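Given as structure tokens, the chain that follows is alone and in the form predicted on its own.
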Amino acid sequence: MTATDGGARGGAGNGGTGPGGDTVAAVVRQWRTVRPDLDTGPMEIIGRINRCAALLQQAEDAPLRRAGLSRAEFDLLGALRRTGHELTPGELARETFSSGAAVTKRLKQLSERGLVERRGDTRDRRVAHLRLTEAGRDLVDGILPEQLAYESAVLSGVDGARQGELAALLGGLLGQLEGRLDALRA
């Protein structure tokens, strides 16, 4: 395991945390022992972000699961609800950071459930416009308060001021990554 892979392993018999805190702290200490010449600072940040993401994905979203929705499906429905107007599949893909193929598959399932409806473009029959049905809008409006309460409970161990600081720091990092990550991969 590396600290950046988000793996679930930790120290034996201690609930997955190392003696100095979390699993990433234990991994970083191990790397510092075998490779003291390396700067493990980035591992401490990226490893913790990945570990948090892995734990949040494992916990899943209980309100969404009870409604028979995946997070990705809810994100599509939410995009249609929050923008307040019809979107094309391409626009939905951009709004939800999903591939076109994934959006197409999810839209088919949501349409079959009567949550989304499709309207052809009057000028270009290749273009589809998507909107929530009344049932879709009611579902989103019903689930969102429950989902936000669930997410608040997940974050309840961090006080409000620290949540604001964390949101600002993550927002700054995300803004930088969205602008630079493709260049770093090249």
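Worth saying up front: this structure is predicted, and the values here are computed from it rather than measured. In this text, residue numbers run from 1 along the sequence as written. Superpose the two forms; the largest set of C-alphas matching within 1.5 Å is the rigid core.
Below, we turn to the form predicted together with the DNA, even though it does not appear here.
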Testing 141-149, 49-57, 26-34, 126-134 against the DNA in the predicted bound form with a 4.5 Å heavy atom criterion leaves exactly one stretch, namely 126-134
So, G114 and the DNA: in the predicted bound form, are they within 4.5 Å at any heavy atom pair? no
Just to confirm, P89 within 4.5 Å of the DNA in the predicted bound form by heavy atoms? yes
Is it the case that T83, even though its partner is missing from this view, gets within 4.5 Å of the DNA in the predicted bound form, heavy atoms only? no
Residues of 102-121 having any heavy atom within 4.5 Å of the DNA in the predicted bound form, listed in sequence order: A102, T104, K105, R106, Q109, R118
Taking the rigid core as the frame, does Q58 move its C-alpha by 2 Å or more between this form and the one not shown? yes
